[in-house]
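Have a look below at one chain only, the form predicted on its own, in structure tokens format.
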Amino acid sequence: MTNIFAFNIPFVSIFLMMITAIITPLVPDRNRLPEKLSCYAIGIVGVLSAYLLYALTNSGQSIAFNFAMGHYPAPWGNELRAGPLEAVLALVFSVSMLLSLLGNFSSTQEDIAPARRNIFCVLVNLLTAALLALTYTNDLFTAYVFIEINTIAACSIVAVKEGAETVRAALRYLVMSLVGSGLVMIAICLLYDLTGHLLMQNMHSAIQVLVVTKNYMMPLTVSLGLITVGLAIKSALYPFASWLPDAHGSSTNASSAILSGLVLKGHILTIIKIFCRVFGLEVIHALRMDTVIFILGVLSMIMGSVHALREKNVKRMIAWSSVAQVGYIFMAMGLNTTAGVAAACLHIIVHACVKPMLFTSAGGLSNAAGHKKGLHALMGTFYVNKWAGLGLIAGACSMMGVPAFAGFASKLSIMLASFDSQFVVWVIAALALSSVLNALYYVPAVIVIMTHNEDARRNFTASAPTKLYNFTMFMFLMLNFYLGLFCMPLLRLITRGVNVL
């Protein structure tokens, strides 16, 4: 039986990050204390999440427990739910967030004005709290509240860097996100009107009755469509992803790493929980939403890479690559099986570890080239910052699906999951085509940074990377290889978590 300490970890983790967000503005900006405080808090959450994962899996069976917050019991009170899947995702999110901050510690100091650094730390803490809440919540309205917190903090973390281009990108991001939020809110109102509940299991029971009796099928279909489109916009699924490259291209390196690796995953995880816990996979299939998201996933895989091929800015190229990787997740969800959902969750974890590494590497290489972001301006930067170069190479291999790298493991799991699906031929063809397209823009990028150019290197004026940066890149690389070589125990754990989702 899970002990009382582990039982309270979900609430403590969220509460700790919210309290840290409140305290951070009061901390004097000496020796970068606000950023250190944020890192310490995120590190504590990572340790707590690791202990929760241990406590949930130590018995050798799938476990899930509910934690009711406040004085009101279900179905009115808020409720948190933690199982093996939630615990492993909370651990990955906290580790990735911490490494994204540590790896860009120096560049954050250069890119953000001193008066805004406390604000940046507040936003990071709120984003972490929102991600944890979306991971653990069992209440659809609470999920919506933290979706909005996530949205406001994410848009602000783009705008924290001064400049007209940054403000334009942040406003565009905000407008698109608010459109998505509006659709989600309308859908939640419809679902509440149809079911009379906001807790996910209660909604699930009421929806099953509606499906069996065939009552209100049209409003139910509309609510599912609205919530899917709304969260797809916020997850940067094609064709709703035009805001993403601008947001990444003009924000700080830390912001890009956090936005791509973590913020998008919070919205995708919410869709997975709604599909599995609120509607159920059988209802999703009956309403044909699995086919819709499968088609959109394949489209996103292809078009994200096509747009990346046209980019000359390295951060925008990686941003469009994120759109393609989001497509992998939605395609796996469209298989509408437990194996498909587990493969989608594994790719969420892989992307949450690899994409921050890529953006941190791109930031290090750009710094080596004198803060230039054009791809050809990075010629020879591998020899100036080898850890950043290794990170870009490893990330590229992962995105292309080279064996022993993280991306290969998740793509293989998606392919294996498709064998029991009607889409198996389409999945294999889409995976092959997407991997080829990935190679068409990642391989040239690797060649550029490894090409000797003495004339260009003489113009490089950047200082040597810090030990903290090198350590962070080393940790990212180890995570990449671990996920690529030892993914099967993790996939089994994820599958157990999906079974009790």
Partner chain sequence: MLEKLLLNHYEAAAVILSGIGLTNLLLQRNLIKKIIGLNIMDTAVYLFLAAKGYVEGRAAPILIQAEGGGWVTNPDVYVNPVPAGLVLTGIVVSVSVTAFALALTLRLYEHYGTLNIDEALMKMTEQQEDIEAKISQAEEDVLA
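In this text the structure is predicted, and so the values were computed from the model without any measurement. Positions refer to the first chain, counted from 1.
Although it is not shown, the form predicted in complex with its partner chain is what the next lines describe.
- This chain is displayed without its partner chain, yet in the model of the complex the stretch 166-174 from 390-398, 257-265, 414-422, 166-174 comes within 4.5 Å of it by heavy atoms.
- The single contact residue among 280, 239, 374, 182, judged by any heavy atom lying within 4.5 Å of its partner chain in the model of the complex, is 182.
- Proximity to its partner chain in the model of the complex, defined as a heavy atom within 4.5 Å, singles out one entry of 178, 98, 384, 200, which is 178.
- Shown alone here, residue 148 lies within 4.5 Å of its partner chain in the model of the complex, counting heavy atoms only.
- The closest non-hydrogen atom of residue 118 lies beyond 4.5 Å of its partner chain in the model of the complex.
- Contact annotation for residue 295: none of its heavy atoms lies within 4.5 Å of its partner chain in the model of the complex.
- Its partner chain is not drawn, but in the model of the complex it has a heavy atom within 4.5 Å of residue 144.
- Contacts to its partner chain in the model of the complex (heavy atom within 4.5 Å) from stretch 184-205: 185, 186, 189, 190, 192, 193, 198.
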